[in-house]
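Below you will find one chain, with nothing else, as structure tokens; this is the form predicted on its own, and questions on how it binds or moves follow later.
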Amino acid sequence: MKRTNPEPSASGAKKRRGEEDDEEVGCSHAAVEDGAVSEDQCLPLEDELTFSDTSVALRMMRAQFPRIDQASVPPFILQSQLYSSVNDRTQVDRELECLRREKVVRVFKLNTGQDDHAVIFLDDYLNQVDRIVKRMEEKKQSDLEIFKWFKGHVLDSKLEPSIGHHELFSLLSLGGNVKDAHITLLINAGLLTRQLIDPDMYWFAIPSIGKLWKGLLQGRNELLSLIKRKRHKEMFLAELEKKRLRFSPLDVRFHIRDLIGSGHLKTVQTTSGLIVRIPKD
């Protein structure tokens, strides 16, 4: 199956150069030589699109998380990506809930305006909290004991994505005398955000991830637009995964898994390889 996409002559050369620049071979932004991923994790996406269970999928996608220089965000996996990586959605929900209750991972509601949830390994999240405290110590910030109380009494016992103001105060009070300034410090650090519909409720949050919201949404739109411009609104996966997106720091693999899991793309196996296409309404 061969597709041809002629370009207008006035901009053809420029677009062709842009497309050549977009070509990317190999793994995500993480390189093999620095040990971020091993060679067996650099297989074509078609060869590792699905996994046997949720835990395997999480660890593989964590290893392949794109390196983002502009944001100090721990590797995160979208729940939609898990739905594209494990064939049984019920299995994903069941195993993810088990991992959450065992305190292996935490699930966060993303403020993208859509039903997006991010999964982060708890150790990665706690390390990020420690880095925040270290930076504040260097700036001689006061009231830093609140972060110890937050880790030891709140994160350790409250496993859901949100928490009420009264419960937050009660849990923090197990560490010491809680002041309003303590809560403000947690909010300013990016660890909590107030819910718009109920200001007495907070979402647990991922510090610095706000820098990626725009890229996440723009990357989705850019990838879908790319496929929609094709004659049959489809592309071979092997061709698509070589593209480098212009408006998202997250790589194409990240977005492909997300869009398949959310139902915006579907896959079709052919004798020539796996095709991804826009579903017909």
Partner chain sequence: MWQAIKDRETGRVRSNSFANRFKSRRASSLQLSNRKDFVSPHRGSVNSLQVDLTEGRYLLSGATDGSAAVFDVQRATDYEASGLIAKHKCMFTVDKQHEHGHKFAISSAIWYPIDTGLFVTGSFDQFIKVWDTNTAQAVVDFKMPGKVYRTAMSSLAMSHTLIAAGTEDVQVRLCDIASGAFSHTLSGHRDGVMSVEWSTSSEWILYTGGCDGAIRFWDIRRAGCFRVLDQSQTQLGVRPPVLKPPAVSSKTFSAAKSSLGGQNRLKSLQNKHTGSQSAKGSSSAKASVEKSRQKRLHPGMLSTLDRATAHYGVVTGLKATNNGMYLLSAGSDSRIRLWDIESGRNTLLNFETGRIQTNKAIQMDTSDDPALVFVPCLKTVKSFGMWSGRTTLMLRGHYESVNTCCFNSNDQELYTSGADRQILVWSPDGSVEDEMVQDEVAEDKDNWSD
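This structure is a prediction, so every number in the text was calculated from the model and none was measured. Positions refer to the first chain, counted from 1.
There is another form of the same protein, the form predicted together with its partner chain; it is not shown, and what comes next is about it.
With a 4.5 Å cutoff on heavy atoms, S142 does not count as touching its partner chain in the predicted complex; it lies far away. Among heavy atoms of N127, none comes within 4.5 Å of its partner chain in the predicted complex. Using a 4.5 angstroms threshold between heavy atoms, T184 stays clear of its partner chain in the predicted complex. Although the partner is absent here, T90 sits close enough that one of its heavy atoms falls within 4.5 Å of its partner chain in the predicted complex. If you check its partner chain in the predicted complex, you find no heavy atom from any of P44, Q64 and K243 within 4.5 Å. Residue in contact with its partner chain in the predicted complex (any heavy atom within 4.5 Å), chosen from Y202, Y83, F76, F147: Y83. Interface residue among K211, K179, K134, H166, judged by heavy atoms within 4.5 Å of its partner chain in the predicted complex: H166. Only one of 134 to 142, 152 to 160, 119 to 127, 185 to 193 places residue heavy atoms within 4.5 angstroms of its partner chain in the predicted complex, namely 152 to 160. With contact defined as any non-hydrogen atom lying within 4.5 angstroms of its partner chain in the predicted complex, the contacting residues in 105 to 122 are K109, D115, H117, given in sequence order.
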